[in-house]
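Read the single chain below, which is given as structure tokens and is the form predicted alone.
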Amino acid sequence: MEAVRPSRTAFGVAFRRATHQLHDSPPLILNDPVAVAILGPRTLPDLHAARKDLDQPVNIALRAFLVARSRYAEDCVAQAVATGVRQYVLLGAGLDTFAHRNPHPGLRVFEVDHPATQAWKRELVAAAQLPPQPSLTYAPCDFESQSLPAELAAAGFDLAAPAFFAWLGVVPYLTLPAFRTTVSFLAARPPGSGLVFDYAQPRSELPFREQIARDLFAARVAKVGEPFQLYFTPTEIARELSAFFNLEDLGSGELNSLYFALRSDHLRLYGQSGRIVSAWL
């Protein structure tokens, strides 16, 4: 991502979360009444126009994955809170709206993101006149030039207390050293901490049709300056997360059973590329 420009993929993710609120059948996988408001009134015509392409298989699968990963992360947060965790960190928060619908009294939310993307989000929040959230702290961090532990500590994060981390829509854009640096920091958190993130399998692991779909999508994100770089198999992810326990690594089949069974519409996950993993200390 360019240093002075907010993430375009963050907007795309937020746009699909918003279309889920407007166009998919109830019950919603992710009930997010802020998703439409944060994008502002100028986006509304595009959100309504998106209905004509809603049932294209690629759009169905991508939208389903994006809302499922947010829902799964928020389910994991609820699990962490039930065990006493009082800090939630969104790494690469984008336009995530959890902090504006936080149902957990006493849970502090830290949003970490590139300064340009975070400044853009704060402008959108102000324009939408969303009320201030006392539990929310913004922690701008340029991962290329700043230290994540230092920036979190400066924002008031308690390094000695357990925390839950959501790292959604970020890993495929990283280099392997950057990924491992962050995992090492997370693995050093106190017992009771946890994390959730999504990752993509290598092209060679996918069926031919899905390889073609991946190639087209990868070309699109590369064109806006945010190329995919990093892929893992489930075996490789388990090895990278060897310091954690209670690893849960979910693909399309498991996520469909968990969230999309018995729906009245066609919303569900397809393919094998995207996976979501959670793990605990």
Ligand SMILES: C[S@@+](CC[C@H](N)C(=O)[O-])C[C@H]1O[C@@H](n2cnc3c(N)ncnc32)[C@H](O)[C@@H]1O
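Remember, predicted model here, so these are calculated numbers, not experimental data. Each residue number is its position in the shown sequence, starting from 1.
The next section is about a form of this same protein that is not shown, the form predicted together with this ligand.
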Partner contact check in the predicted bound form: of 203-211, 130-138, 80-88, 167-175, the stretch with a heavy atom within 4.5 Å of this ligand is 167-175
Would this ligand be touched by all three of 73, 75 and 252 in the predicted bound form, meaning a heavy atom each within 4.5 Å?
-> no
Can any non-hydrogen atom of residue 193 be found within 4.5 angstroms of this ligand in the predicted bound form?
-> no
Classify residue 21 as contacting or not contacting this ligand in the predicted bound form by the rule of any non-hydrogen atom within 4.5 angstroms, answering yes or no.
-> no
Heavy atom to heavy atom, is residue 10 within 4.5 Å of this ligand in the predicted bound form?
-> yes
Is there a heavy atom of residue 63 no more than 4.5 Å from a heavy atom of this ligand in the predicted bound form?
-> no
Can you tell me which residues in 118-152 come within 4.5 angstroms of this ligand in the predicted bound form, by heavy atoms?
-> 141, 142, 143, 144
